[in-house]
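Next up is one chain by itself, shown in structure tokens, the form predicted on its own.
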Amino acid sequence: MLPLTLLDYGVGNIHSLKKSFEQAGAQVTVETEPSRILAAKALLLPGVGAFGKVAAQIAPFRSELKARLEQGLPAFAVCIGMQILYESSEEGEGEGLGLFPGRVRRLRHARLPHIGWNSVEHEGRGPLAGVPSNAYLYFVHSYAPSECSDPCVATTDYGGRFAAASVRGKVWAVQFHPEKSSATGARIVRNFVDFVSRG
């Protein structure tokens, strides 16, 4: 069983995300202690919170966490978890991890937040392996990475295209919520658990 450490930002409900990974065969431990987070075998960055607060939460161990991810620590990031992997955000102050280049921007749409199902264009890389292109996944957000070049592997349109998934090495990040995306989301979660388990 894959040991997976969920980095708890101290806000919001993480139960459904934790449960979805447990159903896929992971043993999930919730952690706030930096030393235990940095010692993780695999990491889960959940999708609840605001950029500034999350940036402040990880600031004391930001450089060490970035180094671990660059050295090959497997990680799966959801929504704000994906955004914190970028350099900065229009949503709030503080530094992201900078693992992905670029800035997170407010969506250019009259109706925000973007809530509900939207199609995702991709070529089956990383988390989207085995998922039909233009599959519908569930989003809840007002900000997203606007850069749609590498490391972006999937895009969605809502007032303009934005990165719906990005991959660098063993770090997989998605802007949508797989735990709310029915069977397709469950497939994406299993993809990561299988990917890490294979080594």
Partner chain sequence: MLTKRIIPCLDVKSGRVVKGVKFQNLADVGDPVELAVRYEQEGADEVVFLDITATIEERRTILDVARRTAERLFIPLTIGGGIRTYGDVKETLRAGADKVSMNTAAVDNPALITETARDFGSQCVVVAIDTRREARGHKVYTRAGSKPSGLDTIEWAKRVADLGAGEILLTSIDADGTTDGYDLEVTSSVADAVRIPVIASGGCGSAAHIEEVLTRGRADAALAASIFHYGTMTVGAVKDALRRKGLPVR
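Residue numbers count along the first chain shown, from 1. Model, not experiment: these values are computed from the prediction.
Omitted here: the form predicted in complex with its partner chain. The next part is about that form.
Trainee: For the chain shown here without its partner, which stretch in 65 to 73, 36 to 44, 138 to 146, 164 to 172 has non-hydrogen atoms within 4.5 angstroms of its partner chain in the model of the complex?
Mentor: Going by heavy atoms within 4.5 Å, the stretch is 138 to 146.
Trainee: Could you tell me if R125 has a non-hydrogen atom within 4.5 Å of its partner chain in the model of the complex?
Mentor: R125: no contact with its partner chain in the model of the complex.
Trainee: Is G10 a contact residue for its partner chain in the model of the complex, using a 4.5 Å heavy atom cut-off?
Mentor: Within the cut-off, so yes.
Trainee: Would K180 sit within 4.5 Å of its partner chain in the model of the complex, counting heavy atoms only?
Mentor: K180: yes, in contact with its partner chain in the model of the complex.
Trainee: Does at least one non-hydrogen atom of F61 fall within 4.5 angstroms of its partner chain in the model of the complex?
Mentor: Looking in the model of the complex, residue contacts with its partner chain do not include F61, since no heavy atom lies within 4.5 Å.
Trainee: So in the model of the complex, are H15, G116 and S119 all sitting within 4.5 Å of its partner chain, heavy atoms only?
Mentor: All three within 4.5 Å in the model of the complex.
Trainee: At a 4.5 angstroms cut-off on non-hydrogen atoms, which residues of 82 to 113 are near its partner chain in the model of the complex? List them in order.
Mentor: Contacts from 82 to 113: A110, R111, L112, P113.
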